[in-house]
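This document starts with one chain, in the form predicted alone, laid out as C-alpha cells.
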Amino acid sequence: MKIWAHRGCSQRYPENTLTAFEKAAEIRGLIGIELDIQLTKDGEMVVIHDEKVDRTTDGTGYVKDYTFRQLRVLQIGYGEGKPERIPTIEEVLELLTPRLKEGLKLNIELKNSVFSYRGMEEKIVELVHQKGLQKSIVYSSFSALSLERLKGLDREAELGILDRKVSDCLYKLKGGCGAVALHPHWRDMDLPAEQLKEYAVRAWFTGHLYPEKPTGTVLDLKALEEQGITDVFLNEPERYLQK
C-alpha cells in the first residue's frame, strides 16, 4: 500500500500549511503529499481545502472573495510555535523541491467543482513547468472538464479523477478526460478488484477529519488492498511509516 500525507501531516499540524508539508517530507517511505489549490480574487494560487475560510482560519467568507493580501492576514493556528498563514502553491513547491527531485510526488487537487476558477489550469501548469517539476506532479479534480483542459495544456501530465464511487471515477476516466488514476471514497469501492487492476486507485476519506481516529486504532490496509485500493491519503502517515 502506498501512503500519501493528506494535506500534509494534518493531524498533528494545521492542515495545508508549510509546517504540515515540511513534517510530511521528513517521513521515510512516504510516496507523496496531497494538497488543494484555489484562486484568490486577484488570481493568486493558494493552498486551502474548503471554499470558505471559516473552518481553518480566524476569518469568514469565500476564498474567491479575498485578495491575496487580505487572505494572508488570516491566521490558521500554530505549528511549531509560530503562526501559520495560508501558503501559495509556489511557496509549497519551493519548500518541497529538494524532496520532489528525489522522487517524492505531489498530488495537486484543483478545487473547482463548486466554483469554476477560470484559468487555474493554465496557471498551475505554467508554474510547474517553470520549476521543472512536471514528473513529480499528479493533478486531480472532481471536474472531468478541468482535467481535459489540463491534458490539453500538458499531454504528459499525470491525472487522477475524483468521485465518490469508484465506478463513477472509471466512467469519467473512460469518457476521455485524460486521467489514468481513480480517486474514489474508500467506502465506495463498488467494483471488483479484478476490474481495477490496470489503474492506480487512490482512496480518500470523509467524516471524522482523521480516519485513523485518536483511539489508537489503525486502518486495515490489507483489507483495503484486497478491494483494489493501491494508495491511501492519510492525515497521520507517520503512524504507518517511520521518520
Ligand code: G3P
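Residue indices: 1-based, along the sequence shown. Keep in mind it's a predicted model, so treat the numbers as computed, not measured.
Separately, the form predicted in complex with the named molecule exists; it is not shown, and the next lines address it.
**Student:** For the interface check, one of 83 to 91, 122 to 130, 105 to 113, 149 to 157 should have non-hydrogen atoms within 4.5 Å of the named molecule in the model of the complex; which one?
**Tutor:** Residues of 105 to 113 come within 4.5 Å of the partner.
**Student:** In the model of the complex, is there a heavy atom of the named molecule that lies within 4.5 Å of any heavy atom of W204, even though the partner is absent here?
**Tutor:** Yes, W204 sits close enough to the named molecule in the model of the complex that at least one of its heavy atoms falls within 4.5 Å.
**Student:** Would you please decide whether I76 lies within 4.5 angstroms of the named molecule in the model of the complex, comparing each non-hydrogen atom pair?
**Tutor:** Flag for I76 set to no.
**Student:** Using 4.5 Å between non-hydrogen atoms, is F233 touching the named molecule in the model of the complex?
**Tutor:** It does: once the named molecule is placed as it appears in the model of the complex, F233 has a heavy atom within 4.5 Å of it.
**Student:** So in the model of the complex, is the named molecule close enough to D36 to count as touching (4.5 Å, heavy atoms)?
**Tutor:** Yes - in the model of the complex, heavy atoms of D36 and the named molecule come within 4.5 Å of each other.
**Student:** With the named molecule left out of view, choose which of L173, I137, L162, L71 has a non-hydrogen atom within 4.5 angstroms of it in the model of the complex.
**Tutor:** Looking at the other structure, the residue within range turns out to be L162.
**Student:** So which bits of 1 to 29 sit within 4.5 Å of the named molecule in the model of the complex, heavy atoms only?
**Tutor:** Going through 1 to 29 in order - heavy atoms within 4.5 Å of the named molecule in the model of the complex - the hits are H6, R7.
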